[in-house]
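Encoded as structure tokens, the following chain is the form predicted on its own, with no partner shown.
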């Protein structure tokens, strides 16, 4: 009878919600203790496992950084190969447009260190049929001519060199003159009389006179012409079509034979 009354009492308390509150309060210390133990246990686990995780992550990060560096190097190499291929294709197009000439393609492997001279070294020489005086061009226009040759290399005098003088003609004006280099690497117009009607943007082409270069190779574009007081000739700067600072590959015209007309020119008196 007593047990039955206890059971009924428990049911009444449970249904009224009072029992759940009592049980919850009774279990709070147990839950708190369990949470404290779990937190401390996880801290101990992290203490012993964290160093290994950090070392593993550091090693993985180093590996990824190495892979990224390798990929960046490959990208740079591919870009260089693509750029070189574009230059070679452009040279090939130039050669196809002028089938009357024979060409040898060469790479620029050096530059003259002197700030007063303007030369480049190419990786083809007499073993490849290169000879002194042969004209050198790119797909843009005139570069210069071969100045010295060895078996496996050659030196090219650029048209920007102070010792360079190219016989030219102006397409619009229809007059002839010279394009001369300078110590600063600038190209200027020379030997054009005052009667010539010069205009800016006139194209400058080789004339073929003098026997140094074939005719009709593009040299550059004329800038604003002028003439000094009491001067017999007009002057103007010439903007070359070739970017000599980025010169990497050239074509040598091998079937053009320069003509030495020096013995035929009148001697000058001092």
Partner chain sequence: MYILIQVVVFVVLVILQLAVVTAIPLLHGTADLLLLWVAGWALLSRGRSAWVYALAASVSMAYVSAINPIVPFASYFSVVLMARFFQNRIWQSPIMALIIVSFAGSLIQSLLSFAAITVSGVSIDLQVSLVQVIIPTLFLNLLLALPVYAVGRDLHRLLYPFEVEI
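Numbering follows the first chain given and starts at 1. Predicted model, so just to flag it, every value in this text is computed and none were measured.
Just so it is clear, the following notes concern the form predicted in complex with its partner chain, a form of the same protein that is not shown.
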Quiz item: Any idea which of 187-195, 111-119, 124-132, 97-105 reaches within 4.5 Å of its partner chain in the model of the complex, heavy atoms considered?
Solution: 111-119
Quiz item: Are 155, 162 and 183 jointly within 4.5 Å of its partner chain in the model of the complex, each by at least one heavy atom?
Solution: yes
Quiz item: Does any heavy atom of residue 199 come within 4.5 Å of a heavy atom of its partner chain in the model of the complex?
Solution: no
